[in-house]
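Only one chain comes next, encoded as structure tokens, the form predicted alone.
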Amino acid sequence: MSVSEVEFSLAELMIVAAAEAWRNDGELLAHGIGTLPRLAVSLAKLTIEDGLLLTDGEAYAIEDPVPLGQKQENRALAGWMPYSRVFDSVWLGRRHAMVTPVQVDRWGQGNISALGDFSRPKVQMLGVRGFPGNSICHKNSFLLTSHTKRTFVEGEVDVVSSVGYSDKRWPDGMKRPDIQIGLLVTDLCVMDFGGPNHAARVLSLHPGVSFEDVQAATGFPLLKADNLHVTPAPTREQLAIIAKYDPNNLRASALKGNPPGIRPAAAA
């Protein structure tokens, strides 16, 4: 299907691209943190990896995702899933989360804590939360709604909240664990850290975006994947599933102005 056969928003394109992060994961605990990642993991569960285990966010495992803005009511429960069992899955590496950092650097380190000098930050945010342990214990993918040099920074992130491929901050004699970073989905492209020595590389470009556009918006050098391509457009089936699990269209407010998935330059 060509990108012109169905209308879709940039948010919906990102949801579909993000769902691919869980492809071939098999049976594990899958979490999407934030509006678009949560819709992405729901889509992945229903169309890509049936073995993914979801939770209702309270105490139960579920097979049918909970629509955004609704509670888990009158739905089939797959089992008991209190926080103790969630953490068992985390510590055993049986979890793949998609997180939404505000900064990412060339080593894949993420920041959700503060911007500026940590002793006197310009902006105070969440703190590191569970990022340090999660990034060591299990695989994580990223979703960022604004791809700029302020988010993909030139040097190290202001506060290293999640571990990446840098050895800089590990104590002497301590070996960095085997870190797993999956896909990075942004409003410009899909990336990963699959280049030589975990260099960042662009896997696909959203319609109307060039590699030069992405590089100009990134504070560190990028590589082109050998099979660099245009990010696939959502199908009608995928859009219907997204609409079903986002009945209040919360996805429309995830990106400023709710831009279309096909940018004017691509549609001309």
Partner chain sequence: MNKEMDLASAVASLSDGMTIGVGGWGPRRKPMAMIREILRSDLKDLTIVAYGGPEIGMLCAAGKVRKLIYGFVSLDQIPLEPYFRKAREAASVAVDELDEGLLLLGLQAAGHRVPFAVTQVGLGSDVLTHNPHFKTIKSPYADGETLLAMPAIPLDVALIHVSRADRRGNTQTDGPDPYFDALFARAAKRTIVTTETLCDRLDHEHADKAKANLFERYLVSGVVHAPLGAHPTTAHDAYGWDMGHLKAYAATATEEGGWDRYMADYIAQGEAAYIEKVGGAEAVARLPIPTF
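Just so we're clear, the structure is a prediction, and the values are computed from it rather than from any experiment. Residue numbers count along the first chain shown, from 1. We call the rigid core whatever largest set of C-alpha positions still superposes within 1.5 Å between the two forms.
The same protein also exists as the form predicted in complex with its partner chain; that form is not shown, yet it is the one meant from here on.
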Would H206 count as a contact of its partner chain in the model of the complex, using a 4.5 angstroms cut-off between non-hydrogen atoms? no
*asked:* Using a 4.5 angstroms cut-off on non-hydrogen atoms, would F152 count as touching its partner chain in the model of the complex?
replied: no
* Asked: Just to confirm, Q124 within 4.5 Å of its partner chain in the model of the complex by heavy atoms?
  -> yes
So, in the model of the complex, is S113 in contact with its partner chain at a 4.5 angstroms heavy atom limit? yes
Partner contact check in the model of the complex: of 159 to 167, 180 to 188, 144 to 152, 194 to 202, the stretch with a heavy atom within 4.5 Å of its partner chain is 159 to 167
From D56, E49, D213, E63: within 4.5 Å of its partner chain in the model of the complex by heavy atoms is D56
In sequence order, the residues of 84 to 109 that place a heavy atom within 4.5 Å of its partner chain in the model of the complex are S84, F87, W91
Any chance the CA of G57 moves 2 angstroms or more between this form and the one not shown, core superposed? yes
